[in-house]
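Just one chain follows, in the form predicted alone, and it is written as structure tokens.
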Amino acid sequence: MVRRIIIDCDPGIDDSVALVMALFSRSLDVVAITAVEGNVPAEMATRNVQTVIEQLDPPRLPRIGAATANDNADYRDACFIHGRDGLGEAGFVTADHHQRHLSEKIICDEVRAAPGEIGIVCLGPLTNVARAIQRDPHFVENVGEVVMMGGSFNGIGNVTQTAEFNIHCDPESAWEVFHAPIKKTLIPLDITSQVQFSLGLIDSLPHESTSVGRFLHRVIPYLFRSYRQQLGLETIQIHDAVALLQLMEPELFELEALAGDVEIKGELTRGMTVFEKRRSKNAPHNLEVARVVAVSAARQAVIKRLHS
């Protein structure tokens, strides 16, 4: 069965790898790719979505949604990891699109046109989904599911001591989505960071004679360099690819139904994801959280999906 999805993302090299996996998958029908401000500012996110699609030239062309800035005064991009252009400073040239539609409009339109059939895979901050909830009063009953890469189950962040990047970019929107009556699955930082890739990944990429191979060989090496120079690591983590993999190969993950929330006010904990872990409490569950991943199998599955 082919699953119809919207990918909401902030490319970013790891988002781009996930887009490769999705756009050439026989099990997914990507009806739209919507840009969101996160790894890169809004205008760059919109341009990068278009760039990735043009470079890959997939068999089915999705609709594109344009990002606009979020309302979070604490927002900071991650260009120090992904490059000044967000795509490893590869120098891609992209044609200008003069007629753009807002990401939240594209999301609402597609979900409204096929009630219950469209899932949204959120690989960046949750700004657009929160705006879709606000825009269309029937959105929560029409969307099929929302799969989110973000948060941290153990309370250890990667942008602050307690907050994961995607949630910290727009905590208010994350809070709204967490509390919405929608089927939700969260793939947290604890899970995605376990699946690490060594430099040998480059030799495992598709050949440069293909559009996918050419694109990946231009962006992946930059990620290795920035992880080594900025983070002191010899391996990379492709968080968004692992999150998408949960949708494609769910047997590699174990999920647990939990009550989750987002801290929006704390001076030290703003953007932290908080879960009810006390055995004596029976709080209503509002999402499923990935708690275990088959690390080696997931790593191999990502590589295999890049060759689809």
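The model shown is predicted, which means the values in this text are computed figures rather than measured ones. Residue numbers run from 1 along the displayed sequence.
Although it is not shown, the form predicted in complex with a small molecule is what the next lines describe.
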Fill in: 4.5 angstroms heavy atom contact with the small molecule in the predicted complex for F165
yes
Discussion item. Within 4.5 Å, heavy atoms only: does V129 come near the small molecule in the predicted complex?
Written reply: no
Practice prompt. Mark V177 yes when one of its heavy atoms lies within 4.5 Å of a heavy atom of the small molecule in the predicted complex, and no otherwise.
Written response: no
Discussion item. Does any part of Q55 reach within 4.5 Å of the small molecule in the predicted complex? Heavy atoms only, please.
Written reply: no
Worksheet entry | One residue of V219, V111, V121, L189 in contact with the small molecule, assessed in the predicted complex (non-hydrogen atom, 4.5 angstroms) | L189
Worksheet entry | Heavy atom contact within 4.5 Å of the small molecule in the predicted complex, the stretch among 249-257, 47-55, 236-244, 270-278 | 236-244
